[in-house]
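Shown next as structure tokens: one chain only, the form predicted alone.
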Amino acid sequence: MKRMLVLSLVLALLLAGVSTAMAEKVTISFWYAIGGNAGRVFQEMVEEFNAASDSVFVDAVYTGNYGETAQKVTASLAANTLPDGGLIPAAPLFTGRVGNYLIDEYLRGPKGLDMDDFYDEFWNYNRYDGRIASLPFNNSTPVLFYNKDILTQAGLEPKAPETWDEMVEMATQLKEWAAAQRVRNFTPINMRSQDWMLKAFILQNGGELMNEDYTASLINESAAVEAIEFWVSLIDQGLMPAGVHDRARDQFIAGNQAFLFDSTAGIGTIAGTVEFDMATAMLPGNKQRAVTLGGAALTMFPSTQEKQDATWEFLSWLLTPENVASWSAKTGYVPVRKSVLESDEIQTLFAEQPYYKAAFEQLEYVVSIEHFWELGALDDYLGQLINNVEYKSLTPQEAADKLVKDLADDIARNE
């Protein structure tokens, strides 16, 4: 009886110690907008941080996809019920636009990050009105997937085109091969996330999306219109189908497509599904190589000093070189720190799964624009432009002029 009493007392003291330790931790609420494999990996990172940290506990909640999370953040801004931090889409629009530059202050403070180890374009992508309003993390770029087996069958060298002209030449030969062999339902080229891809085409042709102060779009200027005309020419030549870009990935996986323009974030899914010899490459260029940037960002919202400090501790931990390398290797998102490319983990990844290499190495060609309030509208208008030119309701110049006017009207209404 006495022994049982002693054991009970010891257990009670241990539980009290655990409860006290937990009570001493600062709990922060954290929303994240990534699901699937990436969401699982992120939750594992949160659990690892919580187990290792003596001072902070992260209560992480999945808040749905990008659109759903944006709606929740918008509602929470209005109701003043924001979390302490988050991994959210268009983060600078929910922070910098309302005067929240906590990230900029911590970044340049005594516990800041080595900003030089991050690519400049990632900082640019996280700015609002010239100041950094969020941190890069789960970023992706477009990449070219190609079916090496089909290229070989068509008598082509199984390599990726490096220029627009090479792509058209190869796609034309593929089209002729498919017709001669009576290969049904075959398409040489298709694009997923077509508004994002068209941005890259415009940049590759030396065009610009917006002017320097983000008050007007430049998509109706000659270099941009030429890129749109090239896009249309792919359809006119029977090298790319019109209006079915949402089926591009499925067609590629099924082996009915030679070239797929898709996000680096899809590499793991595609590589783990296809039953043919697949490879990836940088996007083909024209006047220059260029790729656009996408993804969500890490940020924090105003709270108590204690919670803000705790949130920064977690964000800083996520962005250590070791964690950036692990995140990239497990998800396919590009590494946001330069030093990570040389890490053992990434070099091993390249050796074992070489289709990740092109996506990471083309980071030097990334071109980004700052977030501005009408950025979402620009993407919507690009989608409308593509529909207009693919279905011949407007010429490329007319469609570009319409986009510029519609965006200008939006900007004027929001002034």
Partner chain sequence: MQSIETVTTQGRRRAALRRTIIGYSFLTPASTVMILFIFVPVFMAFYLSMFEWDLISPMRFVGWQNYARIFGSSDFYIAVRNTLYFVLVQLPLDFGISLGVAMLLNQKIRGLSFYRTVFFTPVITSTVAVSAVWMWLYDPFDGLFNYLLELVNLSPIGWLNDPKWAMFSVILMTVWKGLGYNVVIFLAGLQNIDSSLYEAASIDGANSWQQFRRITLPQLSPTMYFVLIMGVINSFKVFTQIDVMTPGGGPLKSTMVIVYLIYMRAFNSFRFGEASALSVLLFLFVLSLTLLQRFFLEKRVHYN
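All figures in this text were calculated on a predicted structure; none of them were measured in a lab. Numbering follows the first chain given and starts at 1.
Separately, the form predicted in complex with the partner chain exists; it is not shown, and the next lines address it.
- Distance criterion of 4.5 Å from any heavy atom to the partner chain in the predicted bound form singles out 387 from the list 27, 387, 43, 37.
- The partner is absent here, but in the predicted bound form a heavy atom of 94, alone among 137, 261, 94, 125, sits within 4.5 Å of the partner chain.
- With respect to the partner chain in the predicted bound form, the three residues 373, 380 and 413 uniformly fall within 4.5 angstroms at the level of their nearest heavy atom.
- Residue heavy atoms within 4.5 Å of the partner chain in the predicted bound form occur in exactly one stretch of 268-276, 166-174, 212-220, 239-247, and that stretch is 239-247.
- Proximity of residue 179 to the partner chain in the predicted bound form: non-hydrogen atoms within 4.5 Å are absent; the residue sits far from the partner.
- Among residues of the shown chain, residue 256 is one whose heavy atoms approach the partner chain to within 4.5 Å in the predicted bound form.
- At the 4.5 Å threshold, heavy atoms of residue 235 stay clear of the partner chain in the predicted bound form, well away from it.
- In the predicted bound form, residue 288 stays away from the partner chain, with no heavy atom inside 4.5 Å.
- In the predicted bound form, not one residue of 27-47 has a heavy atom within 4.5 Å of the partner chain.
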